[in-house]
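Presented below, as structure tokens, is a lone chain in the form predicted on its own.
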């Protein structure tokens, strides 16, 4: 404990140590033991000093449709900063950073990781002083943060998960993958096989009826899907994005007999039932807004900033949290729901709560996040039999705190396979593949206009939870049969993908020939290698993929080629890729120790 004897204010430093994972957690608690009210304006969760400044900083930046791109820079003198000030952890910067030696690569060198367990505004700073020493600080962003602490009260800053590797970036990633999978996530689904999901949005958007949905669900079974997810449009007067959001009551004109009746029909044909929610938002054209216009974040006397024709509910208010918990649970408690997609499609702005006085408005960003966690405690943790997946305009709220509730998070609204290779690459530095929501979508891709083979889309989606984001009625029977084979391939290898050590075999930034990645079982007895070719003009007869994580003195049979090769040969010589392949061809190799 640190204490100021003059003001009688103290800070408790809280540590957690995970010896087997090379992980230390750190949080800070600010306590006001004085007789005066204090305004807290800045409190970092962790502040760490390094005796040198000769480091590189790796951060994850991006935007909607292109999240978590890697940015590696040498630390300059002064303050080097990453952060988000959009009310969420955000598309633009992720609350994760790496400090590493300048020569650190995937297999060699020192690497220090910092991941903030927080889903709101954050800041990461690495300051190199005049003596070339480095101080790292991470916590809640101090901009527009001012929290009132009354005598006898405390304020707890979120936890930073810090990891170290002396064996390069792969070792650091393995530590984070394990800590998030094995320690952070409370969902029982984190250790279970996941269903293959198909979503209703692509074929129907807001216009559907139960018969059309069931026809599509039957076709979806031919793809190998297990779960049919009813997306937006099932509730209230929700016939477009301008109305109904916030009214979580089933629209029985579209679904006669309600959700339970529709769920039974799905279960009768052997499909599980999933449902879409966006509980943190509201349309002005809704019964909820008409009854409670003061329940939104909105600056008095000013027109609100609308995005997607919706406003942010004020989650800093206890009555708003109570309503969301009650309304969503009323739907879930009817039964028959196996999966929930929890969406969040805009940033927080107009940050003013009519529930709190003017001198507490600096608390609202943080109180919003506390309200969100209270809601998730009251919904997600009270329904352990339902698989919840997080989403935020794609991957705009992909952070360690969300993973404590959601064992998987939709990685990006960009489902173009070559784009996803880059997005998955950056995401993998911190977050396990078992948490990456990834689906096969139709081509030409709506975002990029690019067409790639079905196999390439499927292999790329196996770099995650695997599912489908398309209309099966627009596919030929041959295409549906082909997808069924990929679904079966994913089921066969799902345990290895979910729990294996993950290796980035190439960088999409440095290698223009192919992108490759590998899963290795903890005992090194089996491995799965995936490759997507890129620039075929330089793909020749001598393009090899060098494998990692295998036992050098053991022999492995490559199922697809029948070769038996030593782990040393696979590491030092590699697997030979077929030559003269079309651009964006995909290969998958399964290796078993002999």
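Fair warning: this is a prediction, and the values are worked out from it, not measured in the lab. Positions refer to the first chain, counted from 1.
Separately, the form predicted together with alpha-D-galactopyranose (GLA) exists; it is not shown, and the next lines address it.
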Counting any non-hydrogen atom inside 4.5 Å, which residue from 174, 367, 141, 341 sits next to alpha-D-galactopyranose (GLA) in the model of the complex? 341
Quick one: of 224, 109, 393, 83, which gets a non-hydrogen atom within 4.5 angstroms of alpha-D-galactopyranose (GLA) in the model of the complex? 393
Among 166 to 174, 341 to 349, 471 to 479, 252 to 260, the stretch whose residues bring a heavy atom within 4.5 Å of alpha-D-galactopyranose (GLA) in the model of the complex is 341 to 349
Given that alpha-D-galactopyranose (GLA) is not shown alongside this chain, does residue 146 nevertheless sit within 4.5 Å of it in the model of the complex, heavy atom to heavy atom? no
Should residue 509 be classed as touching alpha-D-galactopyranose (GLA) in the model of the complex when contacts are defined as heavy atoms within 4.5 Å? no
Does at least one non-hydrogen atom of residue 363 fall within 4.5 angstroms of alpha-D-galactopyranose (GLA) in the model of the complex? no
Evaluate residue 383 for contact with alpha-D-galactopyranose (GLA) in the model of the complex, applying a 4.5 angstroms cut-off between non-hydrogen atoms, and reply yes or no. no
Full three-residue contact with alpha-D-galactopyranose (GLA) in the model of the complex, heavy atom 4.5 Å, for 232, 276 and 308: yes
May I ask you to list the residues of 169 to 203 that have any heavy atom within 4.5 angstroms of alpha-D-galactopyranose (GLA) in the model of the complex, in sequence order? 201
